[in-house]
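Next up: just one chain, as structure tokens, the form predicted alone.
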């Protein structure tokens, strides 16, 4: 690795965080990936600090894992926890050039960085190059560890992806894309685990990890980022769907092809990792968890409360089938599948990306075996979102045609047609819509009518998901 990369920070770490504290309290809650929206930050504690570029030059770079402390959620039954841990890459300069103005965090007045300006370092090519060089050489710096499974060419020019997302991404020379996780948890991250498993199965639908970065903190390991091949010229499914819908173009052929791709990935995951059978005991636990999430959501979002009784019937119908002896197979799945998690290459081939799962759910839950219909329900909800988001009036017929085509393609790709299992499909789509209601209420209130429209449909019509 480059001689510029130095050491783990020990002396002065507490002073470093104290000097950044007032700036981070203002800056961190404004970030799209900050999970604690709506609650003030009361303080920070340092998990790790590594100096990647020394401060004896014009540019410094710190890698920090910082725990943000907040009051507990006001939701009934919420339990206090030690605070979410965030990965920060802090650039340090005497003054920011105009091109880095959007990356400004603030000006430091006290401590070891007094008189300097700190900023989000990923916007700056030099720090981004340092990260790639660490991955390319398999560097070990303090508690940071980089590993790779394929060669990485040196000298690739970085550019940060500015689109809003729950993590941060940097593209290197149209050859690789690095996804850096922002809210990090100890343990196995499915966004590394599942693509590695699919690579062992030679599944062409998912880009195989090229390299990854982790941090050792005591006995815990945190996955910090994954480098994968960049699908040059690809369009994500969300952008493509909105574009075609705005032009009045049919999207069913693409939806059908995407269904086939999903089924192929599910088949590869079933071969690569264990599957389990869900009998009455497991299904009862699944239904109880759905019902509990609905009750918590209804407490958090008053607009959901009138529909809660109708939504509960979706879970009750699934519980009735379980009581009659019906069983389902569960396996590892994508966990947060929607149009934005799919890429269409210029040649027309679909790929699935971002296997992290729903970030709001606990890591252990995201790694559990689930019915594949959960992924299908997520995609069906995504077609619904697109139908409400193209700039014109909602297009329910467009969404219905895409939903049907996707299910047809799924069956063609080797999966079971989800429409042959309407009770489970309705329960999973209801659970997804309830999740969306809470998410939109917290993060994007203007979007709340979209999942509420689905809630009304699912609560009123037991056959609507099919």
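Positions refer to the first chain, counted from 1. Since this is a predicted model, take the numbers as computed values, not measurements.
From this point on, the text means the form predicted in complex with a small molecule, which you will not see here.
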**Message:** Under a 4.5 Å heavy atom criterion, is residue 165 part of the interface with the small molecule in the predicted complex?
**Reply:** yes
**Prompt:** So in the predicted complex, does residue 228 come within 4.5 Å of the small molecule, heavy atom to heavy atom?
**Reply:** yes
**Prompt:** Does residue 341 reach the small molecule in the predicted complex, with heavy atoms at most 4.5 Å apart?
**Reply:** yes
**Asked** Just to confirm, residue 371 within 4.5 Å of the small molecule in the predicted complex by heavy atoms?
**Response** no
**Request:** With the small molecule left out of view, choose which of 158, 267, 143, 207 has a non-hydrogen atom within 4.5 angstroms of it in the predicted complex.
**Result:** 207
**Prompt:** From the list 375, 356, 254, 124, which entry has a heavy atom within 4.5 Å of the small molecule in the predicted complex?
**Reply:** 356
**Request:** Name the stretch, out of 111-119, 346-354, 130-138, 292-300, where some heavy atom lies within 4.5 Å of the small molecule in the predicted complex.
**Result:** 346-354
